[in-house]
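Here are two versions of the same chain, shown separately as structure tokens and labelled structure 1 and structure 2.
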Structure 1
Amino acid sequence: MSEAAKSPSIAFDAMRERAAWWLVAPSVVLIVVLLVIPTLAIIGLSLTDLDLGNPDWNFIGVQNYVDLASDRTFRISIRNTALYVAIVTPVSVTLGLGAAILIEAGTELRGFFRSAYFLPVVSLIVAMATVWQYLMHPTIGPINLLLNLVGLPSVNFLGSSDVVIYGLAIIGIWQATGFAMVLFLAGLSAIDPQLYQAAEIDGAKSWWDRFWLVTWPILAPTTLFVTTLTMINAVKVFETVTTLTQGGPSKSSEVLLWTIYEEGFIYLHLGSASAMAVVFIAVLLVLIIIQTRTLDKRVHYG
């Protein structure tokens, strides 16, 4: 304490610093144990042939990555994931934007529609996937009954290798639309209403002109943000696959996370599963970098 009296500011800083360490200590421990070590471990494991069914393991360098390049399942998985993302993202972003604009355009039943469109986002996806499986059932599913009613043939959405990705994508769109919608609603509510008034005075008479003069350019950063976020979520598709198709029929619904899960926790090939996980992280990393770049542009006025 006598030292403290000599130079109070240094003593104060030291005290604050000790306090700060106490405050961050639990998080630091958890970050090291749950994040840093596992991240390093996954990179390390991806360079081995560790297999839980086999006690011996060797350091094999980048062999796992080389193998992945020619691994048929992994290539199917990448292709399927890309197809799934390429369907779900544009459709749900467009529908979400449309829903947000329509909801915002009027005053009647705003709250009801917002909640109705948002409900799928907070619903248990495993449970709702089960419901969709019933809805899409080839013989008793209401969707196929409806198709038959208008004279179209039944589609085995989840059981035919030609369409299973599209079937899963329908469920993905069903869930992602509401999520895109609320983000667009937030973006729309941030638009200065004076801009629409200025647009009207400037002669933008139709909603079409006002949309292209004000809404679209102002929402552009939001749209980029929602698009990347929807892509990130779509890349992580897993629940519907594990519930409904387990990668089948004949690998036609293999997607990245399911393939990693299968490789690591069903076949117990930890080494090659880790290499897949590293690829998975790399894909997400690219998307997140795009996303943070676009986030920086969200504010127009300096």
Structure 2
Amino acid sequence: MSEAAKSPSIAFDAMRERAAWWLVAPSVVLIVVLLVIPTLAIIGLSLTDLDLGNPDWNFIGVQNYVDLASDRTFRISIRNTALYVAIVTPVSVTLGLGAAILIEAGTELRGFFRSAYFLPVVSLIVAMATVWQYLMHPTIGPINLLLNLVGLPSVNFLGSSDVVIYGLAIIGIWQATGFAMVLFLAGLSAIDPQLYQAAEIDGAKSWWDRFWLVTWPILAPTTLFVTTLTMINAVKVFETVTTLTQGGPSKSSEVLLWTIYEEGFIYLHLGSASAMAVVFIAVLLVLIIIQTRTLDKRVHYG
């Protein structure tokens, strides 16, 4: 091809490249302003002993991170957050999958049940936390009244250090199940019905056999995606703790985000709060990387 013929093509490619950069520029600017710069600022603050309102501060390197290793409250918050995630994630994913299968199998009131299960996701959790506070009340709460009817003792779900994290987990499961259900419904709708017919011909007569032979293998990537998102959302638990327990009693419901909030906005220790926030961001990044690499492996190796 002659140089004269190449020139219009090169000019057109350059024009398309410039147009592409102009199109992505607003998104890049927003990402830098809203994500990159704040993250770098937090990392920078975590290397200082800055206290809000105190003009005197010093660069102390990684000392805040060293102190976190021996911080009893921080260790408690990590343990409580891990326990909360370990309860909420498997239960809500399992219930979400079960609800999605039942809704997809039904023909009547399908839209109603979809809305009913998804309602907790779009509800204002601060307002609903007040409702749960009444439901779990140790004397007049309907949950304890039902327990008493069947001969079981009342449980102080939000006031006992032994069970408060489980009470918060019940609220978390209630909120997360609908989200998992919607994602599983999307995965179920993509399964070709002919696969179930082929499975029946091959001898899969019961719904259990069809589930293990067809539904579960196809839903495996969706399940991984739902599990990871549920874990990330569970790690970010904050509103229910703030509204109902504020970390009590005796720090038994102290979770990571509440500890960060308390350290930064109540005690005004911005340096150590920033170090906790960096640890929190690192936990989220690890979860995201695990999900991404696992999904990539499934795509490349089937």
Partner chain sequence: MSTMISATQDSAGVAVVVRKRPRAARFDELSTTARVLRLVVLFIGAAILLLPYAWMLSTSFKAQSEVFSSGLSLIPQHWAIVANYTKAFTRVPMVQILLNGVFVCLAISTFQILFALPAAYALARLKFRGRDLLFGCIILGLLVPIHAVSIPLYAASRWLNLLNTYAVLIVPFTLSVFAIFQFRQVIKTIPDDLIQAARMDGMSEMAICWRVVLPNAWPAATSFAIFSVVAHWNDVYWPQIVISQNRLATPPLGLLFFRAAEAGDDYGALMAATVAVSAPLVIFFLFAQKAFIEGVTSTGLKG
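Under this definition, the rigid core comprises the largest set of C-alpha atoms superposing within 1.5 Å between the forms. Please note that residue numbering is based on structure 1, beginning with 1 at the start of its sequence. As the structure is a prediction and not an experimental result, all values here were calculated from the model.
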Structure 1 or 2: which one is the form predicted on its own? 2
My question is whether Leu23 is one of the residues whose C-alpha shifts by 2 Å or more between structures 1 and 2, given a fit on the rigid core. yes
